[in-house]
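Only one chain is shown below, in structure tokens, and it's the form predicted on its own.
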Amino acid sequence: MPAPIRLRELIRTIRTARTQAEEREMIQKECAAIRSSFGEEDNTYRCRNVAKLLYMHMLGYPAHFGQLECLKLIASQKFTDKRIGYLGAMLLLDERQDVHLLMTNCIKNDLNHSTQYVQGLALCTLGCMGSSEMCRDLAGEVEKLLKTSNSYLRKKAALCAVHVIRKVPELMEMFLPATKNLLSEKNHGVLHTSVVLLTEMCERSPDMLSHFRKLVPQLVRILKNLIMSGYSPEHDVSGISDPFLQVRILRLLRILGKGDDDSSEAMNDILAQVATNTETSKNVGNAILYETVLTIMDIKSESGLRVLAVNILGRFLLNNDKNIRYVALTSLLKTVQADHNAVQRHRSTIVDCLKDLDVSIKRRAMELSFALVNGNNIRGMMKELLYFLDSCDPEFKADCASGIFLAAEKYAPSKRWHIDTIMRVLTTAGSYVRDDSVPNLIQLITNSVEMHAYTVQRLYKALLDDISQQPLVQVASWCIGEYGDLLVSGQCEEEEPIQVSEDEVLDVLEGLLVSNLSAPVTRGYSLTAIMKLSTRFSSVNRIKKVVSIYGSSIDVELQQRAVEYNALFKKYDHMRPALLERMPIMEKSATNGPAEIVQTNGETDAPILDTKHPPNIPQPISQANDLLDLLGGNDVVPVIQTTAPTKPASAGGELLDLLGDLSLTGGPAPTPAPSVPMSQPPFLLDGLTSQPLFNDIGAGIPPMTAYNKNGLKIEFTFERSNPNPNIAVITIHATNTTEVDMTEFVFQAAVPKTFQLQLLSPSSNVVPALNQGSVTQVIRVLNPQKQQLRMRIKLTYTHKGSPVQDLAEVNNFPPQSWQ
């Protein structure tokens, strides 16, 4: 068989290929020849063939069939064969292949070889791809070589020990004795690898970290010698002595000094020397300064040293290299919370970075600018950030707008400035703001009572200029609907009022309804605004006409709004002024009292049913009666079937509907409570979680059927709460005898004022067909006066695609349940 071509010739041949297909053909042809040679057990050219195979592997072609040949080369006595064999093993093998375990014995023999270069090959291979099993077997040999006097082997053994510790952390203590004399070595290679080994041990074990803290003075001495030493051609890089070793020592000092006062004190002086003596004209010096800054910021350093570190980062911001500027911005962003005043000194330089052409630098500068905003510089910083918002790329607008909103909310010097700033953002980048910006701005405007006329005038002007920014249009529509009378009357004192008529305002809102730029949500805002103006303007007939037109809109949301508003005009016109009056001041933390009282589908634990309301919010009782009228009237019969799933105006009204004429005496209906936000009373069973929830008191209370109609059966079972016998715990069991599941099942209940009621979450919202399961829900009723229990229940569900809603009154509770 002719001798195979040399590696150099193969490379030259492959490079002559003009197409990918031609290259593949050459590779396949050569692989076939190499396979044939391997099959004939040709030892003469095995080394050459494996070398060519490794080159093909580097080009991305499969070379796994050469794995066993690598093992044969490792077992050879020739150094050239071993070198290619070990290189092949590092490239073609890893711990996922079982073949690598066959190398263990060869590596062990070579670690004890008489030639240091063979030992070095074995150490490199073990440190590159040794599995946890190999590391356990060979850790002893590595530890022996770590103690040898040969610096060539010691540096390789130290790096191999790092790999062993990563694979088998429990072997860390084996290398502890060998680390004692590593830092006294004069060879920089050994010093470098020793520092890497110590760093790995400190990062993985708190015990090792405490043990090696005593080495801080020695590390400081080594670093000082590197700084003060004269020119050494062997280690000099751009005029700096061994910057790689300096960086490694600084990283180790950072780990050792973190959270330790004594260690931090010992390294303060040397860090100051490094920070002041390192040349910054070359990238090498900047790398050392960057590591010095990170170390200063991580340890418990002196305040003056931290200011020095921030100033170094400030100098980095002026560097022409984009990477250095990016690193400086990222580091300042991490330190701004701890050293805010020091970073503030570089504010102008940071703001200038907003104009950089590099998008990464602009993003970091934007984030850092927001971190620097405070009450003293809010006006100047917002001016710069708004200018940046005007000119930045679309990818920045969303984050920039959110940052401006948050900063303005936190540090706004006045409400007018706050409103102007947010309106400027909506005008500039309205399409990019977050979804919650519209309700937040509406809340801000609502709570700024003295600014209502100014705000509605500014927003009206903005609408005339541009209706493409949807959030701005939505806020403007809402404000015009609320404060349109102030706009028309020209009551603005902050700026010159504009003269506008009712028809002009309605023209603008109607234009929004028909504009192609308006989103469906925006049209809903506009229609609601027009409806609100029916109580503020005199053009009621025009508004009626607009609302009636959209009763047949193809947009279901718009159609529903229009139909409901038409009903207000026709059937409930006497209620319209009360329903459309101005919104009260909104509180972010406030809960919508009545909405939480009647629990809908048990999504959260409901508070106790209570009809008390804050005395400082007066509301006419007649208005509550009107709501009661709207929701079904006072004369509720025991069982009422309603097929139209009309949505209640509010959960408060729904509560009134449920209570109806329910009273203890059976006399006339009690005056219903106004539908206003309620304070949330404590839960019935608060403070009782450490005791059993129920006891055997309710064992003798017979169950009862509360409702049985249209295939839906509701049964009540009773228990008494432990330890308070005044609390009756009722468990409802809902079953379905029909052939179709009842979905979206909701059970609601109400009791007279002398009781307190709490609904817990139901087990499901689907009642299975044919009695194949049931829905259970727990009701807690507090009856301190031991009066006869009466309850009104409301059932809502969907059956065979049709929504069903039913009311019923339950009066036949067993005496044992309330006595």
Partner chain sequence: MIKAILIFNNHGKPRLSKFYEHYTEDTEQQIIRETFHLVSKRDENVCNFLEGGLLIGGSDNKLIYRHYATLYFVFCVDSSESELGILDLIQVFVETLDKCFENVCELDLIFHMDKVHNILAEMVMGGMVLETNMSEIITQAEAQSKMEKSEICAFLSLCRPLSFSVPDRTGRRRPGLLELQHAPYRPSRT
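Positions refer to the first chain, counted from 1. Keep in mind the model is a prediction, meaning the values are calculated, not measured.
There is also a form predicted together with its partner chain; it is not shown, and the following applies to it.
- Remark: of stretches 510-518, 541-549, 290-298, 269-277, the one touching its partner chain in the predicted complex is 290-298 (heavy atom within 4.5 Å).
- Checked against its partner chain in the predicted complex, the candidates 376, 115, 149, 391 yield a single residue with a heavy atom inside 4.5 Å, and that residue is 115.
- Checking 766, 770, 59, 778 against its partner chain in the predicted complex, a heavy atom within 4.5 Å turns up for just one residue: 59.
- Residue contact with its partner chain in the predicted complex: residue 127 places a heavy atom within 4.5 Å of it.
- Taking the partner from the other structure, its partner chain in the predicted complex has a heavy atom within 4.5 Å of a heavy atom of residue 48.
- Proximity of residue 248 to its partner chain in the predicted complex falls within the 4.5 Å heavy atom cutoff.
- Taking non-hydrogen atoms only, residue 364 approaches its partner chain to within 4.5 angstroms in the predicted complex.
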